[in-house]
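Just one chain follows, in the form predicted on its own, and it is written as structure tokens.
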């Protein structure tokens, strides 16, 4: 059985190909201006890594993410909330809370022992606490996203960032630089600001161990460290790229749906 999941986000496209319940190939690419093109490019990369030659070898495909409705060859499309929960739970079955920080939204998801969604909170109304926010801060500091992520750049005295709006926060950061505040303390303050927002969302859902961080911003080591301090618990290290959690969950759903369809067809033949 060969299945695939495609997660089309605002900043990146992700694809996972699974063979007989195991990850055979995965890919992450920056989004193009056309979601259909992004899906085709990232899926083809995952197919190649899986050792396949064609999409025709895939038995079932499910899409998720903002661009999920743009993939005509997907059997179905599902919420990224369900897919992130399922993907993270498959990686580490003891996961009970998933904090997903993507390009333009962030979510906190309570996960059942079976990997289903119990409850969630989502911020998709502004860029605060998302990849877009970090991009704006990196632009203001001229340090790049890697500079904000690097642990050696996390100061011991985080400078409070009072503005949640990325536009006003960017101006605030420029002012702090001009005031001579240490760059490391500004960077630590940026990560602590986002961590505080995520913690507030998490408390409305209920933080239950173990906790996983998914999405593109999960690779921000400074954010992960700040979040651990705020929620007072360790974030579990996922054994696969946390950015593919949504695509992985979609591929797992694709496998389940295919199995059910094959079972129904077999029962229909035997009747």
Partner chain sequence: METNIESEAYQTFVEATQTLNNTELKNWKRDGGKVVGYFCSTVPEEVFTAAGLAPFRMRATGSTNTELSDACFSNINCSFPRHAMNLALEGEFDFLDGMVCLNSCDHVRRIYDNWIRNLDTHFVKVMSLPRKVEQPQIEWYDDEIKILIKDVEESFDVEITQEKLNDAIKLHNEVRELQKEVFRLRTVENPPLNGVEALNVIVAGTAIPKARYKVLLEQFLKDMEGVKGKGGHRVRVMIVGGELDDPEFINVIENEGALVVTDSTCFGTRLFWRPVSESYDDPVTALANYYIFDRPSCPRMTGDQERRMDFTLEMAKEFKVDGVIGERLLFCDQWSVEHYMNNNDLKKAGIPFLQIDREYILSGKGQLSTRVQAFIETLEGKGIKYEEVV
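Residue numbers count along the first chain shown, from 1. Predicted model, so just to flag it, every value in this text is computed and none were measured.
This protein has a second form, the form predicted together with the partner chain, left out of what is shown; the following refers to that one.
Enquirer: Does the partner chain come within 4.5 Å of any heavy atom of residue 79 in the predicted bound form?
Expert: Residue 79 belongs to the contact set for the partner chain.
Enquirer: Would you please decide whether residue 205 lies within 4.5 angstroms of the partner chain in the predicted bound form, comparing each non-hydrogen atom pair?
Expert: Residue 205: yes, in contact with the partner chain in the predicted bound form.
Enquirer: Does any part of residue 90 reach within 4.5 Å of the partner chain in the predicted bound form? Heavy atoms only, please.
Expert: Close contact is absent here: in the predicted bound form, residue 90 is far from the partner chain, nothing within 4.5 Å, heavy atoms only.
Enquirer: Consider residue 121 of the chain shown here, and say whether it contacts the partner chain in the predicted bound form, taking contact as heavy atoms within 4.5 Å.
Expert: Yes - in the predicted bound form, heavy atoms of residue 121 and the partner chain come within 4.5 Å of each other.
Enquirer: Would you point out which of 94-102, 80-88, 187-195, 141-149 contains residues with a non-hydrogen atom within 4.5 Å of the partner chain in the predicted bound form?
Expert: Partner-contacting stretch among the options: 80-88.
Enquirer: Could you run down 38-67 and flag each residue that has a heavy atom within 4.5 Å of the partner chain in the predicted bound form?
Expert: Contacts from 38-67: just 66.
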